[in-house]
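Each of two forms of one protein chain follows alone as structure tokens, named structure 1 and structure 2.
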Structure 1
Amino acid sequence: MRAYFIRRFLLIIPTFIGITLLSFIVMQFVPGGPVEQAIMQIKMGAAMSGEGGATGGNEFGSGNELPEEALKQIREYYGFDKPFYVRYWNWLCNVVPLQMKYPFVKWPNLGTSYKYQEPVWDLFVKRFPISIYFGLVGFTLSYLVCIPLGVFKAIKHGSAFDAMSSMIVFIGYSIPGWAMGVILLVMFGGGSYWSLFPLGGFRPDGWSKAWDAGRYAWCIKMQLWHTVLPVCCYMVGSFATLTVLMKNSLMENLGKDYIRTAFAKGLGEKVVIFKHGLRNSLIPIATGLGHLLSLVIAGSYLIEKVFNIDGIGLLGYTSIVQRDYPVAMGMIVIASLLKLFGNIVSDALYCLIDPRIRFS
């Protein structure tokens, strides 16, 4: 068993290299990269200044072509003077937290953002709390609602309540969270019907000042006020799958022999269902926890975009749109590592909870 997991961990290395290499190559061939953007900016600047000061004494002549020297400098600044495999190697050496010198371990360096001129890691650290906050609240709430609902549906299988709640669950399944966000904003956030909730954002302006000033009650109220709509959208996504999974898994267990035995030896229905049945039927739900981190951190950029929440997801999205490669690569590194480790953690949890399962 240990050998199996060690092998799985080792297999992460080639997979990780494959993912980052492929993404790196794709990004190299996209037009409108940082070099072109810089050239554009300089040209625009030259044209503007040429219009303003009519003397026209600027060094770029008519401003149509940049001198070779300047181009070379721009390329060098962004590191685009070297072939892409050299750049990939440099990038990889920076990211991998190992080095040949004495401590042999170093903090991974994801580079500096072109747009913000800040280390990528700092950008991430600033936004982690926001995404984690929404992710965790949504996650906890959906588990708190879905598990009891699934259990209740399984116990009352075939009843009117079961049919009704199935209907609601499928309605929830058929609408994407972010699309529901748009209509929620129009209904409750805009001026159309009720102006109950804010139009978006993580916190109102001046929140941290108020917190420092000790107005905790106001702060918490404001925070909750900004949380309601996005969290609804986060929950809608996992609501249906979780409930149905819980229900089916409990139903399956209730038909097994050990439940029959439990009933036969005279245990009460509650004890049988909640002590014997529920425990075993939580296994498939628990293994989903392996991907918890990945869900929480990567967030949903669509929901963040709809609600203008400046989280990790939105950062990744804008980095791609604006060709901010270091940030985009950083996103890919984090997302892929979380996913790869999440897979293994899921399997490990599976083994821990249910010792009968053997991988080989």
Structure 2
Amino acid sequence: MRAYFIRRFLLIIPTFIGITLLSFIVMQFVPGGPVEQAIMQIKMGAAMSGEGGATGGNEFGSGNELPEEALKQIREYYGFDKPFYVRYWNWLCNVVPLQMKYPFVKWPNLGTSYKYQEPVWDLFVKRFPISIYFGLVGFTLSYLVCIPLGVFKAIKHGSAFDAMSSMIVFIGYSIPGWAMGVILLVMFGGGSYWSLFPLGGFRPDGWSKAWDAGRYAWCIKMQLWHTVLPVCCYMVGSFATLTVLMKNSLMENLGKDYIRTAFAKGLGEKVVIFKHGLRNSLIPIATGLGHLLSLVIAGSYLIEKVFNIDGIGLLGYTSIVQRDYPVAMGMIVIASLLKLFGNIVSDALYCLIDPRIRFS
């Protein structure tokens, strides 16, 4: 089994290169990149100042085009004067210190954002706490709600409760999280009929000053008030999956011989279900704990856009819309590495929880 995990760790290298190379190629050839945006901004600025208006201006020529020398300088500034494979190699050498001149001194070096003119890693660090907060809250509530619900559905299989809960769960699963966010804001957001929750944001204005002033109860209340609606949208995607997985796993175990033997020995129904059946049924659920690593980037692009939460998701959305390639590639680097390592951790947990599993 040790050889299996060694191979899994070694496979991270080609997988990471494949993911980043494909993403890099797609981003480089998508129209509307930083070079085109820079040219458009220069033309708009010249038109507004009257230098490139209806007369065309001497600077841009009769066709209202930038001089070739200016275009060359813009391409050199953004690195588009080199072939894409050279640009990818330079980017990879910065992300992974392959040149080893000053290894790990300024690592991770994900580049500088075109929009914010700040190191990409610094932008991520500012928003990591927000994503971790929503990720932990959503992950914890999903397990706390879905496991008891799945157990109760398995016990009451075929009942009216099972049918009604299944219908509600799958209706919620069929609605995208961002669409659910719009519905919740219309129904319960500030200015609506009920107006129970704020329209968005991670925290209200003045939260930091109130915390420094010792108004802890008010700060905790407002933080929770801003959390309810976004967390509901984060949970709706995994809610049906975890509930159905828990139900099916428990029903499968309740039909096995060791459960019938436990009943034959005269053990009570609760003891058999919760002490014997539930413990083995939690194995598929518990392996999902390996993806706790991915909670760092748990922010959803569109959900954070709907609720105007300045987290990793909104940063990624902005980087894609505005073609901020360093930020977008940085998101891909972190997301892919956490996902790859999370899968390995899940396999390791599977082996620890169920000794019968042996990978070869």
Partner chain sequence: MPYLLKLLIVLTFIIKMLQLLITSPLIAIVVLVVVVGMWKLFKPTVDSPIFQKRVRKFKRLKRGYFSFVFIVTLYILTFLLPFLVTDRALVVYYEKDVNGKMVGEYYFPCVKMYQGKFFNLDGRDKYKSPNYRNLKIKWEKEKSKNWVMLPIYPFSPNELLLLELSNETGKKVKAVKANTALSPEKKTAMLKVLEANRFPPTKPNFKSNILGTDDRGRDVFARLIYGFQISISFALMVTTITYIFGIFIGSLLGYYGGKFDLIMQRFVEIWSTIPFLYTIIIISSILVPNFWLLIGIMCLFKWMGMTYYIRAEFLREKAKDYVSAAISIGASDAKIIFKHILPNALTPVISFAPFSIVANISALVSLDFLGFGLPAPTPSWGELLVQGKANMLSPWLAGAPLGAMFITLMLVTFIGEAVREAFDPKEYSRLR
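Just so we're on the same page, rigid core means the largest C-alpha set that superposes within 1.5 Å between forms. One-based numbering along structure 1's sequence throughout. Remember, it's a predicted structure, so these values are computed and weren't measured experimentally.
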| query | finding |
| --- | --- |
| Pair member that is the form predicted alone | 2 |
| Core-aligned C-alpha movement of S336 between the two structures reaching 2 Å | no |
| Did K82 shift 2 Å or more between the two structures, C-alpha, core superposed | yes |
| CA of W91, rigid core aligned, shift of 2 Å or more between the two structures | yes |
| Core-referenced Cα shift (Å), A38, between the two structures | 4.4 |
